[in-house]
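Consider the single chain below, provided in structure tokens and representing the form predicted alone.
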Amino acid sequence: MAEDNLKQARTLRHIIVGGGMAGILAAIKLKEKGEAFILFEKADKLGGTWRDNRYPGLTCDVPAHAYTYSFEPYAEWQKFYATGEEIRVYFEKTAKKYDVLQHMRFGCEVTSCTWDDEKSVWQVGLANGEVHEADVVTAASGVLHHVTMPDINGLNDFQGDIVHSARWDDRVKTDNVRVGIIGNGSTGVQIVTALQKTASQVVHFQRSPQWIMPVPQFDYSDEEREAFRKDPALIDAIRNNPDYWASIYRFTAAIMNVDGDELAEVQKICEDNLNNSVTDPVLREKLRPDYRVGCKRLIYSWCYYDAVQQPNVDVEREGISHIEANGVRLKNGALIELDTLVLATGFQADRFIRPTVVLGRNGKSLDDVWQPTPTAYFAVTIPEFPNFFMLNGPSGPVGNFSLIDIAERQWDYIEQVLAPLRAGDAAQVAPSVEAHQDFEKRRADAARKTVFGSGCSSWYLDATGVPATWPWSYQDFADAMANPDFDAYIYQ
């Protein structure tokens, strides 16, 4: 009788962990299916990285009209590259429009996810002591949300204002004062370009310079926004711009083939940008990286080289010895006196859903499985963790393209894998150990040969020094998400 009941079509109960871009996507898709779900968000409102990050100069490095859900184009973007605040507003409006806010519980931190072998369900524990039951858990907790504090002696001795870029405090003084910025990723670059306009002095501390890809930035006029409202095809034309997609395919081809024409082309664009933009030969060489373009995450900027050539900006390549009450002491003994210190030192990119304790079959711990480094089958599922899915999980595609697009493709994959459960043909699904091991070996072998593994230090590298990324083309990823290998999965 139990078998007959199992084979009846059923509605699954879902819990989504995280209220950022991917969690909102999952909520909208589940509501469309009419399935029961709750989204738990530890913060007091949605938005994810676009809620947490509010630093001056924050913009997305994907064109605004390409950084939207495919089903929800947006006519109101103010600029070609949108600000963080605009993006946060877009997600809030979208969640409201699709009526998923009623399914979201804020201020609810998920502390544990425990698979119940007997009942074939997840028991999800919250920090407030509540326990909720679900057939499926989707971890949409994101990648970049656990901040990295720099390991610099004396950090607590600084007597001025000090702030991490992902924990911005509007009370921090930046106007008409001396500001030091530690960190040279996209965040550090954007903060420099913003604060150069208002600070009396900006010092950009760099361990290594970055390659800068030149991109356009411009405002959309009221007339253009009105045209977008009246004719969404104009938005589609931007989203589907052949030049934009050519740059995506060029970049993923460049990643895979370090000796290919595509990487040489990107290298030349960035080298020409540096050579033609920076007039002072000493500063130009100070800003020249000693690694291949793309080894670190490529920085998109239309104004960084202009900003660092202004008289109130200094680029400091001398290493930091320690922090003192009045500023930064360099290894050569010089003291850079500062009023404010900004830490643009990034995130712990290997945490994902952790520190949530996740226990799979027979109490198997995700922390143990993810030693020495996180892995997942096609970045979405893990053996022995049934009905547990990740959006933008370990070894997923990273680069200068839309993670919304990536998450949408991953959700399509998840929907297909879940179909037998909805049909009542199984109660649980997870990839086989063998399928995961085979995938991870192929992925790691390919990743070592990409430009990410060509000899620089970056947050792309895992604890073993292997790039924790998708090492094949964008089209390979799209095809893999569209066509799951069901033989790799064990349905029970």
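Just count from 1 along the sequence shown to find any residue number. In this text, all values refer to a predicted model and were calculated from it rather than measured experimentally.
The protein also exists as the form predicted in complex with a small molecule; that form is not presented, and the subsequent description refers to it.
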Which one, T174, T345, Q201, T356, lies within 4.5 Å of the small molecule in the model of the complex by heavy atoms?
T345
Only one of S395, S141, T187, Q410 has a non-hydrogen atom within 4.5 angstroms of the small molecule in the model of the complex; which is it?
T187
Taking P150, G183 and S208 as a possible spot, do all three reach the small molecule in the model of the complex with a heavy atom inside 4.5 Å?
yes
Of the candidate stretches 410 to 418, 294 to 302, 247 to 255, 114 to 122, the one with residues having heavy atoms within 4.5 Å of the small molecule in the model of the complex is 294 to 302
With the partner left out of view, is S457 within 4.5 angstroms of the small molecule in the model of the complex by any non-hydrogen atom?
yes
